[in-house]
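First, one chain by itself in structure tokens, the form predicted on its own.
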Amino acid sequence: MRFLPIFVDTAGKKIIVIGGGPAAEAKLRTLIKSDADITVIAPSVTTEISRWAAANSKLNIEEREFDESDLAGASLLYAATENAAENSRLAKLAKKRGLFVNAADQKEDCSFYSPAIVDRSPLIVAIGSEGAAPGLARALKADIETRLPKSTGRLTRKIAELRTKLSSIMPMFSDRQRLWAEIFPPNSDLSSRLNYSDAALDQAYEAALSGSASERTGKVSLVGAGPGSLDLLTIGAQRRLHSADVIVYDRLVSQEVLDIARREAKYIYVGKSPGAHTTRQEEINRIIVEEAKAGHKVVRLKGGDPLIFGRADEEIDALEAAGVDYEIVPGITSAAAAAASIGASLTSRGHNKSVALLTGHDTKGFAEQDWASLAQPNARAAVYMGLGASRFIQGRLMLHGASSEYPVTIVENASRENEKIVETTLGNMIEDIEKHDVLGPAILLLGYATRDAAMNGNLPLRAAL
């Protein structure tokens, strides 16, 4: 994010608009709704600008040429002449003085952009594209306009009144956040709530307040974050992330998922790296129990599904022993995402009646499996945490009779933008892992080729980056 979206207090500020034609008029349509003192400097102005000035005491027109001294005391400058070279010159003068400047339709000269705005004051929705696609921003504005009723402004003012009352009743910020999340649940259908009358909002507020007063105990949600792509995060997971007081997350949780979580939450990283466990499981158990007993809503966020090689049972045991309430929100597991990426069904009628989900490591080191069954021609398995054990897996399977041509597909960072797919065979697996610099996290799909390879009856080697 190069351009930080912020809302600037314009009360008592001086804004200069250079230009009096269509470009200046377009800027002023929004600016005249602000509380700023606006000065338009141009040899002449449009009829519309003159009409606005007559009706607005904060809009002043000076029909003359611009002078650099006009910048004194200004907070913002809009270079909106119909001359691109002149706009560039004005932008340089402003930047030299440390002023923020917007040059009409000239991205390289801007230090800020004017977003497309949906105005339901005091609720404002601003849409920007860093100057890359203003047409798309305007299209999104038009779409949002149809979704937000005109009464949204009244509703916002009513909420402001209730917030003032609530601050004295409920001093903890996290408790207040939780109450509003109950009245306006994330990812719910807001259409009915946006049309709340004052009486209906009062009723919802009193109901939430009553519930909050009797619901001070903490709770832990064991939540699956999926394989990384936001598209594969469940609605249940999103709701917990939006209302969490504390988020305890591991190494496999993507930044994309973390970015949608509640910003005011307390974030605790308990990541574990292969061969370098930075946080012991006992410490993780202690953290989630302690935070819940402090009355917090805790999200224990795990990559994939917490019930598949996520050590959820150890955390559940600790929570039950401490008498802490908990729930489990399953997630999409990486094996499913990896299979989807290569276009292969995990189970195929007439080929395999089952699929094994395996781990490459256990508490004793490399995990032993039923190698004789896995070495059968129609056997299929998805191996988690298998990169470090790949040579061990290769040796065990071939020792039990698996063919060196047994198909293997490796999917690194399944579902993410940096996903990598390597098609290989059991005999070439180690060489190809090294050749294509597969570092993990990765799923080893034993007995699976990509859909193209399976349909063609061969196994071409490729790395899709």
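Values in this document were obtained by computation on a predicted structure and should not be read as measured data. Numbering starts at 1 and follows the sequence shown.
Keep in mind that the form predicted together with a small molecule is not shown, yet the notes after this line are about it.
Heavy atom of residue 441 within 4.5 Å of the small molecule in the predicted complex: So residue 441 counts as contacting the small molecule.
Test of understanding: in the predicted complex, would residue 416 fall inside 4.5 Å of the small molecule by heavy atoms? So residue 416 counts as contacting the small molecule.
Flag residue 303 as yes or no: does it have a non-hydrogen atom within 4.5 angstroms of any non-hydrogen atom of the small molecule in the predicted complex? Yes, residue 303 lies within 4.5 Å of the small molecule in the predicted complex.
Hey, in the predicted complex, does residue 411 get a heavy atom within 4.5 angstroms of the small molecule? Flag for residue 411 set to yes.
Go through 260, 308, 117, 372 and name the one with a heavy atom inside 4.5 Å of the small molecule in the predicted complex. Of 260, 308, 117, 372, the residue with a heavy atom within 4.5 Å of the small molecule in the predicted complex is 308.
Answer option from 328, 148, 287, 385, heavy atom within 4.5 Å of the small molecule in the predicted complex: If I apply the 4.5 Å criterion carefully, the residue I get is 385.
Report the stretch among 364-372, 100-108, 348-356, 333-341 that approaches the small molecule in the predicted complex to within 4.5 Å, counting heavy atoms only. Single hit among the candidates: 333-341.
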